[in-house]
Every structure is written in structure tokens, then in C-alpha cells.
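Listed next as C-alpha cells is one chain, alone, in the form predicted on its own.
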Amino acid sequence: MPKHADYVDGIVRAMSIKYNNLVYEMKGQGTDVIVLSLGEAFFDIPLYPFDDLPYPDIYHYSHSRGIIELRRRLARYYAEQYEVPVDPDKEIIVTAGSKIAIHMAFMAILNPGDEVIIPEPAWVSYPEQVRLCHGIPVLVPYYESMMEIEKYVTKKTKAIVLNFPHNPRGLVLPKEELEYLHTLARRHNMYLLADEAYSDFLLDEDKFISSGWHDRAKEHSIVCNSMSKNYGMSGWRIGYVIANSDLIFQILKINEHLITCPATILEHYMVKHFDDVLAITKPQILDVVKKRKVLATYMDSLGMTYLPGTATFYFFVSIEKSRLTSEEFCTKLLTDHHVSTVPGLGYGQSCDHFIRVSMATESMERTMYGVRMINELISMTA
């Protein structure tokens, strides 16, 4: 039997997806699981009509950059919300989710052996996507300051990954740190790849600053975002990438050979109902982040600790007092207590004493019960 490519052996499964698959299997067997592992929000969103979308266009390919009406709407959104100018004709591509947008960006900028600096906790797919592009991920331990990241820069460094608001800790990068990273990018002639998929998950008083705000010409910035993630439609897989026109053209070529275009029917749906979706999901997003504050206070009252953050619907909770590894802890929590979380090891070697807790899919009552089970298991395994 012919053998698969050697380099694929070095790719690990996505830890969050691995545990969520276990949840799906347990639920399929009739087990009631408190799901604190899913990386998505469950919103109450009506199903708007499909029969008024342009027929028969919805059955066919669209422009490989995405339909122009949607590109214009997204460009206007970034201009109005984040003061980042975007040329809808040359600086944006609508993609089949932001995950493939990030991967195609890596494909477009990395030569074999190029290094990408990735601060931990790191979303599970960043290092593996770099490896899939024959690059070298350089993981920075979670306790290192962003202001000290230059010591990880070498002649082979091609990019730094920025994920803010942050998955899994909910951190919003301070303005002065973001400015410093842009200075670093200019000094060393490298890219900043900004994953902004949670840009709407902030309280009103916390204004989100896009990485593109510091680099209006997009000379070294790549911004990836997601409509489906931000608006509680993760299964629809519809995102976008913003960069300068030259780099977007390189990504476009990759997109044409891998994806062709996103689902045309969903592009037209999002154009027609963009404002409707925003109007109904924005208050629910705000409600989720407010509930995050309530849950933080509750965990504080239990004496639990977690990495600081105020945005998204995640907590990166410490299990340092437990003698178990994060995988052992999450497996025992799921099998014995029917509460699903994600092992911190999936977010980097320095993170094995943490677990990721998501609180946007269950009621507050069930979420608090799950948190109590986490706290009890920490005590039981100390």
C-alpha cells in the first residue's frame, strides 16, 4: 500500500474538535452533557426567506473574490466600525470560513523553513497550519509579555500571529502593545496576521481596535474575520480576509484552486440580511459578554483562577492544583461528570495546567453547575 506524506505524521488533531466529537457521540447515545467546549455561540436567530434570493444565480459559482455586493458591505463595516479603509475590489476576499482564510494567507507568505511567532495560549490550528505550509511555528509561552516578543524574532521570522479578542483567554490587546507590534513588524519587515473572529464580542465600553487601524495601507497587515463566528452561524462557514491588493491577488490564486468561492446562496443571503442579522445578534452578543462578567464573579467566589480577559465567551481556567494533566482532567470531567471542556495542552506546551471553558452554548444555570464540577474535580484530584 502506498504511504501518505511523511510530514502529515507530525500534524496533531485539533484538540477542541476531538473533544467535541466525543460530546456528539455521547449525546448520540442519549447522555445529557453540559457542553462547555464548543467554540461558538448559540443565538436565537430567525430563518429569513431564501425564496427571494436571486434565482438561478444561487445555484452557481460566484466571483472567486466573493460577490461584489457582500465585499462592499464588509468593506463598509470595517470602515464604519473600526476606521479601516478597505477597497472592495482589490483588498478583500470572501472565504469559506475564516479558518481557510488564515491557512491560505500562510500559504501565500511562507517559504519552506520560514518561522511564524505564535503567542500561547494559541488557537489549536495556528501551529498545524504553519506546519502544513512547511513553515516552523515558534511558540511563545503564555507568561511571556508581548512587549518582550522581539527576542523570538530571527532572520527567518516571516509573521507574528495576533488573535484578539483572544481565544481562549478573552484578552483584548492594549493599544500600546498593538502599536509596539506594528513597530516591530516594520523594523523586521514581517507580517502581522490578525485573527479578529471575535471582534464583536466586547462590552460597549471596550472599543475594539483592529490591527488594520495601525496600518491603513496594509503594508504588513493581514486581517481575517468571520461573519459566521461573530453572528452565531458557525456551521455556515463564511469569513473573509483583508490585505493589500498584491497579497490578496496571491491569496486569490490559491482560493481559486482550493475553494473556487464560498457557498453562493449564503453570500446572497448575508448581503440581503446583513443588517437584519446584526440587529438581532448584536444585543445577544452583548448579553453573552455581560454573562461572562457574572460567571467571572462566580468563579472568583469559588476561589478559582483564570488568565485575565474581558471579551469573547471563553475562560482559560487554571487546574494547577490538580495532579492531573489537562487531557486527563478533561477526560475524567467528561466521563465521570458529563461536563465537556477542552484541555489546555491543545493551546501550547506551556498551557497544560489550564482548560478552556466556553459559556455561550448552555444556560447560566447549567454553566454554573459545570463550573462547580470543575472546581470539585480540582479539589478531588489535588
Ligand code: PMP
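Keep in mind that what you see is a predicted model, and the values were worked out from it rather than measured. Residue indices: 1-based, along the sequence shown.
Absent from the display: the form predicted together with the named molecule. The rest refers to it.
For the options 118, 104, 93, 197, the residue carrying a heavy atom within 4.5 angstroms of the named molecule in the predicted complex is 197. The partner is absent here, but in the predicted complex a heavy atom of 99, alone among 292, 99, 272, 214, sits within 4.5 Å of the named molecule. Heavy atoms within 4.5 Å of the named molecule in the predicted complex belong, among the stretches 299-307, 246-254, 222-230, 264-272, to residues of 222-230. With a 4.5 Å cutoff on heavy atoms, residue 237 counts as touching the named molecule in the predicted complex. Taking non-hydrogen atoms only, residue 191 never approaches the named molecule to within 4.5 angstroms in the predicted complex.
Within this chain, residue 78 is remote from the site of the named molecule in the predicted complex, having no heavy atom within 4.5 Å. In the predicted complex, residue 201 stays away from the named molecule, with no heavy atom inside 4.5 Å.
The candidate spot formed by 322, 326 and 354 is out of contact with the named molecule in the predicted complex: none of the three has a heavy atom within 4.5 Å.
Along 159-193, residues 163, 167 each place a heavy atom within 4.5 Å of the named molecule in the predicted complex.
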